[in-house]
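In structure tokens, the next block holds one chain alone, the form predicted on its own.
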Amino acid sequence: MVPRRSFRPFSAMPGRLFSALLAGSLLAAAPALTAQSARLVAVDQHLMVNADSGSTPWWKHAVIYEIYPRSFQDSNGDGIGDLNGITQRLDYLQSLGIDAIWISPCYPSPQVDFGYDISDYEKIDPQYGTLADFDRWVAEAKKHNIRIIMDMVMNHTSDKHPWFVQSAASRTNPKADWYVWRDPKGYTADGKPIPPNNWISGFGGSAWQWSPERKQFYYHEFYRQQPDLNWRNPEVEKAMFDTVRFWLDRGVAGFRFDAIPTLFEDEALRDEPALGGTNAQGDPNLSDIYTNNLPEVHDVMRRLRKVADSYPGDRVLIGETYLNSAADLNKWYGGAHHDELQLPMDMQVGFLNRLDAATFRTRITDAETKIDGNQPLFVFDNHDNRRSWDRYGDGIHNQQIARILATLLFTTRSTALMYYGEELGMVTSTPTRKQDVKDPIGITGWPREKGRDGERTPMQWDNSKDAGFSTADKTWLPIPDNYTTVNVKTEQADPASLLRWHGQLIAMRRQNPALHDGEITMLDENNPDVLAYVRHTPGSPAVVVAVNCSGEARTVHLSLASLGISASTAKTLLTDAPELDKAISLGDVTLPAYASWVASVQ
């Protein structure tokens, strides 16, 4: 969940057996294979290997895969995805090379915000299954060398949560101070209470909702059905930390914390400064200096980190952190102390939303030099933003551009976070009629804001009914029209597919020492159109990566002399440009329009 004021940042604001069989069939057809396809076969044979080696924490080299549970796989034919459906697809995820699944909230919920309004933190919503189903999923995932990361919403609960029901009942009950309650600023001439200040909800309207029972307002950063918890009350922290322990005791590998910078609000309730203009909901654009990223949150993060560190197995804490600079991001790691989140999300790279080699270079370098040696976490897609295919694509070269983004995600020195269907090139399927919208923000903001349904459509498994997602007459969101060609089954069988491109990159990342452990050094740093860098580690061949972000052929200078590497040629490991699918003389290399090239220095 993204605070609406920063929503859509920086823009306007089945499995191992199949891989083995497919590899065998491709080898049988060897005379017709190109050199690139032959390498693909070798990669496929290694996709089953999913165990990391070494003593570093597992998450430093991980590929984390976000699953929106409503949309991944329906196992019981009700049109909604569920936990047993995810369990059925673990072979596929292992064959792709996934190390961990981050699952969006699957707790009991009225589903006002599709799970981000939680009414019980220690159960599973019946539409997704049971705790027994959850435990079986965790156990089966472990057999596939896949860890489970829960989505934890600590800023707010559902207004149906027993905590809030009790808190709203009176000003004297034991949980009266568990939420952010305030008296009205005054009353209108006709007796209507006036909100305490000008704060607006991220999803439209005032952020204050009147409670007739208490005759007070409660604060809600998001929907009115999502009242904010009062983190200045130590009892709230204890209760939420106990919930974290409940799931850690159950074997989860860590958490992704939703909207984590919004835990605290200004105690003095000062009005937010106006920025001018209005947003998609028709509300004034306001700064969020008094409701977002307040310094008190870091004390909570340090205490939370101690909880996670008290458990074995390198449990990981990931943050939804839409921030404006690497310096701001570094605070969420705890800076040089390394004592807060291990992986706050770096949205600076993946949500640039334009192919700009110079800016990519700057932001990747910032992640290398301005976060005190902490581990970057890059992400290009999630459930709150239009898919990268649409944000970066030009409608003509989308396949090539998607390969550029995947290349950056998997060959830079970062933990990689991807979103279901990203590997297929799934598109944003935005509703064209208001009556078809499910996301409440799309209903209230139509037509300027059409909601987030478009990036949450069901996973496209094959070209059968409902794309193999469900057997229901109607799925919770409609299946996109392109499912007959953009699906797992079709792309697994196509050596040149985007799915296979992802598989090759993930496998190389795991197996190639330079890509797995190496440092990163930028090359040809003044080139305006080609982003190029070298990954290098002692004792292993360096790997050169170059992507052309322009629609014209461009030449890049790839001298490695400054690194003490005298090699003059590189052997192509992966490219989508046939003319580069060979040994290449280093120095000046010409890349076709939107070409990606990964090569081992000889």
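The numbering used is simple: start at 1 and walk along the sequence shown. The model shown is predicted, which means the values in this text are computed figures rather than measured ones.
There is another form of the same protein, the form predicted together with alpha-D-glucopyranose; it is not shown, and what comes next is about it.
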Subject >> Contact label in the predicted bound form: residue 420 to alpha-D-glucopyranose, heavy atom within 4.5 Å >> reply: no
Original post:
Is there any non-hydrogen atom of residue 99 lying within 4.5 Å of alpha-D-glucopyranose in the predicted bound form?
Top reply: no
Original post:
Is there a heavy atom of residue 141 lying 4.5 Å or less from a heavy atom of alpha-D-glucopyranose in the predicted bound form?
Top reply: no
Original post:
Would residue 80 sit within 4.5 Å of alpha-D-glucopyranose in the predicted bound form, counting heavy atoms only?
Top reply: no
Subject >> Listed residue (89, 361, 456, 147) with a non-hydrogen atom within 4.5 angstroms of alpha-D-glucopyranose in the predicted bound form >> reply: 456
Original post:
387, 510, 452, 403: which sits within 4.5 Å of alpha-D-glucopyranose in the predicted bound form by any heavy atom?
Top reply: 452
Original post:
Thinking of 156, 203 and 256 as one candidate spot, does alpha-D-glucopyranose come within 4.5 Å of a heavy atom in every one of them in the predicted bound form?
Top reply: yes
Original post:
Any idea which of 273-281, 112-120, 81-89, 129-137 reaches within 4.5 Å of alpha-D-glucopyranose in the predicted bound form, heavy atoms considered?
Top reply: 112-120
Subject >> Within 197-228, the residues that have a heavy atom no more than 4.5 Å from alpha-D-glucopyranose in the predicted bound form >> reply: 203, 222, 226
